[in-house]
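One chain comes next, on its own, written out as structure tokens in the form predicted on its own.
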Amino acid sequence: MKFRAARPSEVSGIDVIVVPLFDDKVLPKGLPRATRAIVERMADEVGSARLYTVHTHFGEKAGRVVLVGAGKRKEYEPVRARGFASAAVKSLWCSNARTVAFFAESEGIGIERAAQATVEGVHFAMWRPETHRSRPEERRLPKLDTVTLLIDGDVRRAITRGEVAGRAVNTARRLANEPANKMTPTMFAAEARELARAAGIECEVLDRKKCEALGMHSFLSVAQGSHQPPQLVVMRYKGRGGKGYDLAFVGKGITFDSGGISLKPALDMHQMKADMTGAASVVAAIAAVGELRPRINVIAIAPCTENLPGGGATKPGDVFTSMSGKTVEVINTDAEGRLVLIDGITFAQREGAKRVIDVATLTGAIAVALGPVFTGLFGRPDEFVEVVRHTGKEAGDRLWAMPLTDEYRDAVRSDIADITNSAGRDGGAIKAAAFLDAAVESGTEWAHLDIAGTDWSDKDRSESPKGPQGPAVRTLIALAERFAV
């Protein structure tokens, strides 16, 4: 699939033309006369279209016209531009269209943001979760060869960024969607190696013995009940050379989470195949950084294991020593994500990372607090947290800053060890963040993204199909570009 930009007058022979319909019904400049007449009739029939509702019609020369309700013009923003493009492509899922042209509205957001959002939206709609159905007709997607953005200006860089980010989000979705028997820690490590090879970056995988030598007993405690060997995936991008890393991504990589001895209820346990979404997001993001080549050093760490009950599984009340030297009392084996993350955070700091962003489907409590719309954002100092929030908003991820104070840090103190991994249901997402905070050293800027509410959708959305959503990928890519020298 190729993307290009062109003026409306330069385009001919397009199978589908996509036009946004705003509340004011003012149509884009440059519509061919015959097409404009068709669209005007459609707009009158549609009236005030609901946001992202798609209507199609056949024109005489322009081919098919897809009219997409874009809402109020004054409220138009990149997230709506992505939704506009995705809705149009989803309407073509069962068509034979090979060429499509978008009138990429840029008023209020600029041509570059409009172009990038449109390209991302096309990519987001080109992924479906039914990858293991045996009948090909149930897995149909558009056969698009060329996507043209009808926009006046040089947006080649924006198109490239949109393609890279769009592919990265879909990569994270693909990894998170795989059943646990087809995405074991070893299989995930193989995927990471291939992503690194394609992006021209380094990839190292540490086995159990190497992790033991590093003192990562908190991470390894989660792996005790599984026959699958744990894998610590480390990917390195050196864009400026020199020592250390300007930015570290750490992702929770529980490839299946049964809860361990503290067994989860059977209902919906199958969805715990996606408990490695944080790991999927960070490896996809650093591979995208490798493609874009900003002048920055970035490291991504993904501690991967299964969390299963078994003869060797961690028991509630067991105590382990983390890589940082802090001792951890495991009260609840289903609070395992924080156990792997603290060793990943410590590893990042030992590698010389100045800023650490961790991404994890960490707590059901964040989904209760924020629902499926916002990702929970924690960290310190406040100035860095605000930078992450603002960058995420611009990139297209909605982040909500949550409190993290000493009262919550005190709550995770253990009676017999340094910290405990479970301290009651109230404020559960904050207490989980406070547990991670114990591994953050003085002088490190740190942000924690709890994506447990935003990692999955049970229905198609305007901006993306159902299934895994690839949260935080665009934020991580944007942060790497923001801190580049």
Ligand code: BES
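Quantities reported herein were computed from a predicted structural model and do not represent experimental measurements. For every residue, the number given is its place in the sequence shown, counted from 1.
Another form exists, predicted in complex with the named molecule; not displayed. Remarks below refer to it.
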Candidate spot R161, A198 and V289, all three touching the named molecule in the predicted bound form (heavy atom, 4.5 Å): no
Partner-proximal stretch of 408-416, 103-111, 331-339, 219-227 relative to the named molecule in the predicted bound form, 4.5 angstroms, heavy atom: 331-339
Heavy atom within 4.5 Å of the named molecule in the predicted bound form - residue from M187, L404, A313, M272: M272
Position in contact with the named molecule when the complex is considered in the predicted bound form, options R133, R73, K143, K264, heavy atoms within 4.5 Å: K264
Contact of T361 with the named molecule in the predicted bound form (heavy atom, 4.5 Å): yes
The named molecule contact at L449 in the predicted bound form, heavy atom, 4.5 Å: no
The named molecule contact at V205 in the predicted bound form, heavy atom, 4.5 Å: no
Close approach of A365 to the named molecule in the predicted bound form, 4.5 Å, heavy atom: yes
